[in-house]
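Take a look at this single chain, the form predicted alone, given in structure tokens.
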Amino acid sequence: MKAELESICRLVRDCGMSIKDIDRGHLHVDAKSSRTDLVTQYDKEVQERLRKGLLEIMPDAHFVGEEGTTQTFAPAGKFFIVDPIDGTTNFVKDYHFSCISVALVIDNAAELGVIYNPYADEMFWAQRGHGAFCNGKRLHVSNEPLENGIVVFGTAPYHEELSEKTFQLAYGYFKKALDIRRSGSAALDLCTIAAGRAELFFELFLSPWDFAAGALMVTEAGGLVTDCDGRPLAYDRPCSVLARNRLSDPITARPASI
């Protein structure tokens, strides 16, 4: 699968560079499910470019993307699961922490993950059984315990009913760890765990396109990823996500059930 991975990385890089220096005077922003759930014309354009390019690389695959009506995920078969711009609010505000995220899931197992942050020019990729890398350098999760670490988290901004619970958990982690961070891109947060830059990530509601590539990145870098109740992640529906290194104690690190 080396040739396919290289082709996917080239496509994702090209799409990433296309959003880096856009004409912000012509940026059109719409709200989807709520005033905080934003989409731009670039989300849609990049997704269509990815759909065409990825299906040229693997014509027998299906495509699941965040924007618009796409193929429904099924346990059997090949599926690309794609977020054309993860961190859309950051993108809209010109806050340089957004990425393009592509995962290839075959028979319900993530095989490839590619995440590109054009602002930092960091290309993350992982292949099941072959490790995780950033710009060619192999990634390893941190070997620090939680008390010496950083916790990154997401606030599930489209689901206000989870806000109070999220910040309660964040405060609990704030007291256990060195500090906490909230970036606005779950895919890049998961890369942060894989790269050993932080020790634990959690969010109480994420869709598969938010976590599919990044979760593979963490596991291939030696970390652990489950939902917040310790169950395997699902690719056919949203769920909570808890990613950590192996020194963050599984009992004290795990949030209470939602």
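Please read all numbers here as calculations on a predicted model, not as lab measurements. All residue numbers are counted from 1 along the displayed sequence.
Same protein, other form: the form predicted in complex with D-MYO-inositol-1-phosphate (IPD), not shown, and the subject of what follows.
Of the candidate stretches 44-52, 218-226, 57-65, 198-206, only 198-206 has residues whose heavy atoms lie within 4.5 Å of D-MYO-inositol-1-phosphate (IPD) in the predicted bound form. At a distance threshold of 4.5 angstroms between non-hydrogen atoms, residue 142 is out of contact with D-MYO-inositol-1-phosphate (IPD) in the predicted bound form.
With a 4.5 Å cutoff on heavy atoms, residue 182 counts as touching D-MYO-inositol-1-phosphate (IPD) in the predicted bound form. In the predicted bound form, at least one heavy atom of residue 87 sits within 4.5 Å of a heavy atom of D-MYO-inositol-1-phosphate (IPD).
A residue is said to contact a partner when one of its heavy atoms sits within 4.5 Å of a partner heavy atom; residue 152 fails this definition for D-MYO-inositol-1-phosphate (IPD) in the predicted bound form, lying far away. Think of it this way: in the predicted bound form, D-MYO-inositol-1-phosphate (IPD) has a heavy atom of just one of 174, 167, 158, 119 within 4.5 Å, and the residue is 158. Among 110, 132, 100, 186, the residue placing a heavy atom within 4.5 Å of D-MYO-inositol-1-phosphate (IPD) in the predicted bound form is 186.
Applying a 4.5 Å heavy atom cutoff to D-MYO-inositol-1-phosphate (IPD) in the predicted bound form picks out 210 as the lone residue from 209-229.
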